[in-house]
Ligand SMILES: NC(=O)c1ccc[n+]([C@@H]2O[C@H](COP(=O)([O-])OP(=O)(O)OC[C@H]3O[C@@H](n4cnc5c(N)ncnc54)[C@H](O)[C@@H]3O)[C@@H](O)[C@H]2O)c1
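Coming up is one lone chain in structure tokens, specifically the form predicted on its own.
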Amino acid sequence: MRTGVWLVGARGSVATTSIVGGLALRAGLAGPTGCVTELPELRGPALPAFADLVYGGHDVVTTPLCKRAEALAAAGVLPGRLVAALPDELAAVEEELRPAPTGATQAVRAVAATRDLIGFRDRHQLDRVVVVNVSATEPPAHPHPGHADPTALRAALTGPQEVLPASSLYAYAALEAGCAYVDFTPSTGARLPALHTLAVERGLPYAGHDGKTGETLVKSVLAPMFAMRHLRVRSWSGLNLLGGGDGANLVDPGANAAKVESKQRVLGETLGYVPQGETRIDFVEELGDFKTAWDLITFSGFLDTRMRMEFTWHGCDSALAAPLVLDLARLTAAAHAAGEVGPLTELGFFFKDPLGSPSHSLAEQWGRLVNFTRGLHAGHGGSDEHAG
């Protein structure tokens, strides 16, 4: 199944790492470490092969993809040998990157984005295209009457007002072009009634939000542990230090608040109460594409004995996120092929703030993902020799 992966924010660190990694997997230059879809529980014939993934995207910046890859290699994010081995492949992807659409109205910009997506699909004779948003985090969307239904939205987009945040405008364009949509950020994306209705009308799936790659991944394992052992969490405080473009973007108070809210939700919904403490995100430019999180948990056990736990997570954000982007593109394409429509709640395993997920426990989310993927493979038939 030839599948297009259209990345919004295609010249950013996560997108560049995803592209280089996907190309390296296609060429047999790297193994799939970090790709959940290559585990035995998920691997199978319904998923498009890495060799069948074709890359394109939009971005507001114009730095050539090869230069972005070289910069990431110099920073220790990518192996330099891979960048050096893939000049022709990177040049081919560069030909499929487009500037973010401009125009007097959002309707004009949406038409341009839709045209780019359809052209990409037609040029490469793709069976499916999955649009994945890996651009900068946005502040929460301001309410607007146009968010209510597709008819109201189409009318509102023709006016001078910015009705949709960028993530939602790309979701709208994706759905209009017949493409599935995944939001890897905490931005609004397809989380509007009008876009949900449009997805259902077009028979398209969508997924999100906010890829779970670091501190929140650990929280989703530890919080259920405290709950299942009937230990009372008294406080949970976290300090996140980020470099790179993501950290710089989160200097904006609105974007920072949206990210913090997404990270904190797992505690209240898993424990059944909200302990004292807060999560803080600070930008430290020197860290580059790496991030460090330090968490302090205080809790009480039998006879109200007071105890504490600390953990530190130090990771490379793009290297943690990129394989999940590839996983989500493969799973969403398979879900689209299987006729799944609307929010893919079974993909909650991948997200801090998953759509409609009844649980933030990583173990429970894993079980739902495995069952869902088995169903996709059972419906697809054939052997799994074409997967991976």
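Small disclaimer: the values here were computed from a predicted structure and weren't measured. For every residue, the number given is its place in the sequence shown, counted from 1.
FYI, the form predicted in complex with this ligand isn't displayed, but the following is about it.
Subject >> Single option in Ala321, Leu326, Leu355, Val54 placed near this ligand in the model of the complex, where near means a heavy atom within 4.5 Å >> reply: By the 4.5 Å heavy-atom cutoff, the listed residue in contact is Ala321.
**OP:** Quick one: from Thr270, Thr213, Thr188, Asn240, grab the residue that has a heavy atom within 4.5 Å of this ligand in the model of the complex.
**Re:** That would be Thr213.
Original post:
Applying a 4.5 Å heavy atom distance criterion, does Val83 contact this ligand in the model of the complex?
Top reply: No, Val83 stays farther than 4.5 Å from this ligand in the model of the complex.
Original post:
Does at least one non-hydrogen atom of Ala136 fall within 4.5 angstroms of this ligand in the model of the complex?
Top reply: Heavy-atom contact with this ligand at 4.5 Å: present for Ala136.
Original post:
Is there a heavy atom of Asp295 no more than 4.5 Å from a heavy atom of this ligand in the model of the complex?
Top reply: Outside the cut-off, so no.
Original post:
Is there any non-hydrogen atom of Val20 lying within 4.5 Å of this ligand in the model of the complex?
Top reply: Contact check for Val20: no, nothing within 4.5 Å of this ligand in the model of the complex.
**OP:** Check, residue by residue, if Arg121, Tyr181 and Ala335 all come within 4.5 Å of this ligand in the model of the complex, counting heavy atoms only.
**Re:** Not a single residue of the candidate spot has a heavy atom within 4.5 Å of this ligand in the model of the complex.
Original post:
Out of the stretches listed (313-321, 147-155, 122-130, 295-303), which one is close to this ligand in the model of the complex, meaning heavy atoms within 4.5 Å?
Top reply: Correct option: 313-321.
Original post:
Though the partner is not shown here, which residues of 51-78 have a heavy atom within 4.5 Å of this ligand in the model of the complex?
Top reply: Residues within 4.5 Å: His58, Asp59, Val60, Val61, Arg68.
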